[in-house]
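Single chain ahead, written as structure tokens, the form predicted alone.
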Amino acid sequence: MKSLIERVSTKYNLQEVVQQRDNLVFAYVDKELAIDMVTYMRDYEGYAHFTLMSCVDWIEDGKFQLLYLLNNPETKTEFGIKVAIDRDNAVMQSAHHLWEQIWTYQRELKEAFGIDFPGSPRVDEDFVVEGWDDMPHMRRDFDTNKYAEETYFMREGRKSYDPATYMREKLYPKQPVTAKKNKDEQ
């Protein structure tokens, strides 16, 4: 992995390179170079399998972090390419031309985070949440509790239970609930 990291670093100016395991590396690359690097890794370094694409909302920094995780089946190694994009102008070049399944990830990220991938097939169609017209629901500034309170009504008779006590009563209804014993008392 060390020689791969050196080779790719000189070509793409990798930043924050982290070798998580012997067979797993993560690194940041500039947004403008990301799709070129993904293509290079596929075509010249043997990372022929696209594993996944995900997003992290770094609201404090005003950024989204996209992750392209690639797998090299011959060397049994994985390389995670991270890209930071602005939250306010969340647009990223599409990579659907590299692997067909990427368009589904891009479509999901558009719906969940509001990230646009111009030219990606069906990117503007509903994916999971049909008819959603609010802020993208996976952004950290989306207030789930407020949305639930405004959208749904509280039914009478609803109660909240301590999960541990509730399960103990359901599983062992004839056994009295007692305080936990210390290890020394057992």
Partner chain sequence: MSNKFFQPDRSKYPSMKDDGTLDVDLSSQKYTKIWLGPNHPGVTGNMAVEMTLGGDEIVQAKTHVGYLHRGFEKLIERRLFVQGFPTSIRMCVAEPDTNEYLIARSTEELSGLTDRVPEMAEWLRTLALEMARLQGLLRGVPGQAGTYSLGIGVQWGVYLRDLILDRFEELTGARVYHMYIIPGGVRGLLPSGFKRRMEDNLTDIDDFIVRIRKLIFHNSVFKSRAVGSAVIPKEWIDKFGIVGTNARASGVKRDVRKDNPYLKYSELDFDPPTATDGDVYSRTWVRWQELVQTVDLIRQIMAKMPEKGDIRGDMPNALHWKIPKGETYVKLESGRGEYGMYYVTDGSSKPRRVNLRGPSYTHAIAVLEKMLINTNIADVHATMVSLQTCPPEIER
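Here the rigid core means the biggest group of C-alpha atoms that line up within 1.5 Å when the two forms are laid on top of each other. Positions refer to the first chain, counted from 1. Just so you know, these numbers come straight off a predicted model, no measurement behind them.
Just so you know, the form predicted in complex with the partner chain exists too; it's not on screen, but the next bit is about it.
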{"query": "Position in contact with the partner chain when the complex is considered in the predicted bound form, options 43, 134, 150, 143, heavy atoms within 4.5 Å", "finding": "143"}
{"query": "Interface membership of residue 23, the partner chain in the predicted bound form, 4.5 Å heavy atom rule", "finding": "yes"}
{"query": "Exercise: residue 31 in contact with the partner chain in the predicted bound form, heavy atom 4.5 Å", "finding": "no"}
{"query": "Partner contact for residue 60 in the predicted bound form: the partner chain, 4.5 angstroms, heavy atom", "finding": "yes"}
{"query": "4.5 Å heavy atom contact, residue 130 to the partner chain in the predicted bound form", "finding": "yes"}
{"query": "Those residues of 51 to 77 which, in the predicted bound form, come within 4.5 Å of the partner chain by heavy atom", "finding": "51, 52, 53, 54, 55, 56, 57, 58, 59, 60, 65, 67, 69, 71, 73, 76"}
{"query": "C-alpha of residue 44 moved at least 2 Å between this form and the one not shown on rigid core", "finding": "no"}
